[in-house]
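What follows is one chain in structure tokens, specifically the form predicted alone.
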Amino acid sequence: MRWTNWRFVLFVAVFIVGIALSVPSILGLKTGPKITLGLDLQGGLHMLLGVDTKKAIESKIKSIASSIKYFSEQNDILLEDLKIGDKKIEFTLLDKDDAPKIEEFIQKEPGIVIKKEGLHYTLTLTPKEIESIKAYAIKQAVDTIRNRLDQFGLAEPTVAKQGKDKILVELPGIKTPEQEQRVRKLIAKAAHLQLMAVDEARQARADTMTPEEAAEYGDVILKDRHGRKYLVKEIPILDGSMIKDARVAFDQNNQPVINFTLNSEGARIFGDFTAKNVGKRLAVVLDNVIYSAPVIRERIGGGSGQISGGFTVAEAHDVAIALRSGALLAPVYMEEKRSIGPSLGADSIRQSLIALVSGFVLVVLFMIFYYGIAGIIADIALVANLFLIIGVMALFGATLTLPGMAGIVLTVGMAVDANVIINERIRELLREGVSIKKAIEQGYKNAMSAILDANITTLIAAVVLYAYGTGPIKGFAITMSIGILASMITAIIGTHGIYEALLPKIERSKNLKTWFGIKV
């Protein structure tokens, strides 16, 4: 026998690797690579979120106003009554000679309509720009939530846009109310960081001033975590869009704080502001709550700052994740929530395993009955195929879903189908009186084009499903893709290697019914 042919050696090596990688998943060992079960198999949280796109428009208006304020200060352009209204910005230019310069700057911002009455300007967004902001807010919310959940460490969360303005979120493995509460807070957290100037001239009146009075001065009233009121300028100095990084650290009292770093533009604005406002207070505002309002002692260069405020370690960790992944342009709200219990997953697993084992046993018996030893060889390749699928999925941490298990069952059928085609070609050649060696070689050659056509077209369909599908559909596509590639190694190369190894014995026996289930 020729046990050292390359096909047989490769098949044995792949078989052993498949067993080694799949054992932790099959036996439920604590160590080693394991398959992650999807939402439908292990239970978890299903949520449908809506996006308040009106807030995104307000945020855009505020951002434009902040840019105009900074530009005017940098270029010594005097503006009066720079205010934010209902979807508009208003200001009065004090020197008409500055009109061309400020208008040129505003026109660089896309989608703005400028209405001018003398030196009084009113800026509004075009309907097209408003729709664009709404669409971008939803896309940004999808990306931000996905980033936050990835950094939180959840395995294979599903975050996808659904319909025109909804977001589907599926989180496998969320089982306790505490886990659910923490994840929901992380998802919904706006994480809108702003650095705002305290209105020192009027701060003493913060406790008695109404919001309407504050608005007359271009101010807003915000509270810190202890309920103390601050009067701060409505237009922020800069916001969280300029954050480059945020990390948890500990202060001198060993309390968790969040150190953040700004990008180059943010660092420049921050440095300029602190240089011009030494002795005044700067409020660090997160989601409209003031966390600290330290007095500026000197110019702060380098573009770094700190948020402190009695965080727990878990809170600081979640806030840092939210800041790193970016603020939500618009708040999200819950439209639908379903908790899927693990008992449903256990029932699904049991029923799917019954289907898988039943189908597998029937296929094995049929192959032995119809093809004799050739059927046993095909069955060995089938077992190797299963171990290889599980092993590769465990190695890459892929998620197994209920459709994914259906994909494995389907792959079993496709894998055995390849050997059926090969065996039939070999039988045809043997009936024509071709020698056993030539029949095996020619049988594989003749069957190859049909097998490759079927596998490649199915593989292309699986890739398309993975690219455009979500959640369970992706799970189905993954198992199909891995199963097809595994069957190419086991059902084609592996069985061919076994035939080459057994060829001398087959030629000596001359009993083709035992080997291939036919008489010649």
Partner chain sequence: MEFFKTDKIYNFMGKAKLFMAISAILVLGSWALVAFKGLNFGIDFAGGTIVQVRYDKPVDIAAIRKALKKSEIFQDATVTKFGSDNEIVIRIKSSTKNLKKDIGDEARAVLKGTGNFEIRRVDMVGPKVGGELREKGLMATVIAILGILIYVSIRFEWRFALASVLALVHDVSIAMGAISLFNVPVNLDILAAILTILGYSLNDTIIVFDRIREGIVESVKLKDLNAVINESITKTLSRTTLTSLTTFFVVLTLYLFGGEIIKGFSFTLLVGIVVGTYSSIFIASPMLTILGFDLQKYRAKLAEKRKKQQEKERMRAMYEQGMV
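Here, rigid core means the biggest group of C-alpha atoms that superpose within 1.5 Å across both forms. Fair warning: this is a prediction, and the values are worked out from it, not measured in the lab. Positions refer to the first chain, counted from 1.
Beyond the structure shown, there is the form predicted in complex with its partner chain, which is absent from this document and is the topic of what follows.
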Could you confirm whether V420 comes within 4.5 Å of its partner chain in the predicted complex, counting heavy atoms only?
yes
Could you tell me if G413 has a non-hydrogen atom within 4.5 Å of its partner chain in the predicted complex?
yes
Is there a heavy atom of T458 lying 4.5 Å or less from a heavy atom of its partner chain in the predicted complex?
yes
Can you check whether P177 is within 4.5 Å of its partner chain in the predicted complex, heavy atom basis?
yes
Which of these stretches, 313-321, 218-226, 443-451, 97-105, has heavy atoms within 4.5 Å of its partner chain in the predicted complex?
443-451
As a check of understanding, the residue in E129, D143, E424, E73 with any heavy atom within 4.5 Å of its partner chain in the predicted complex should be identified as E424
Only one of T210, S435, Q351, S264 gets a heavy atom within 4.5 Å of its partner chain in the predicted complex. Which one?
Q351
Only counting heavy atoms and a 4.5 Å limit, does any residue of 180-219 reach its partner chain in the predicted complex, and if so which ones?
E180, Q181, R184, K185, I187, A188
Checking G266 here: with the core superposed, does its CA move 2 Å or more between this form and the one not shown?
no
Rigid core fit then K445 CA moved by 2 Å or more between this form and the one not shown
yes
Examine S358 after superposing the rigid core and state whether its CA is displaced by 2 Å or more between this form and the one not shown.
yes
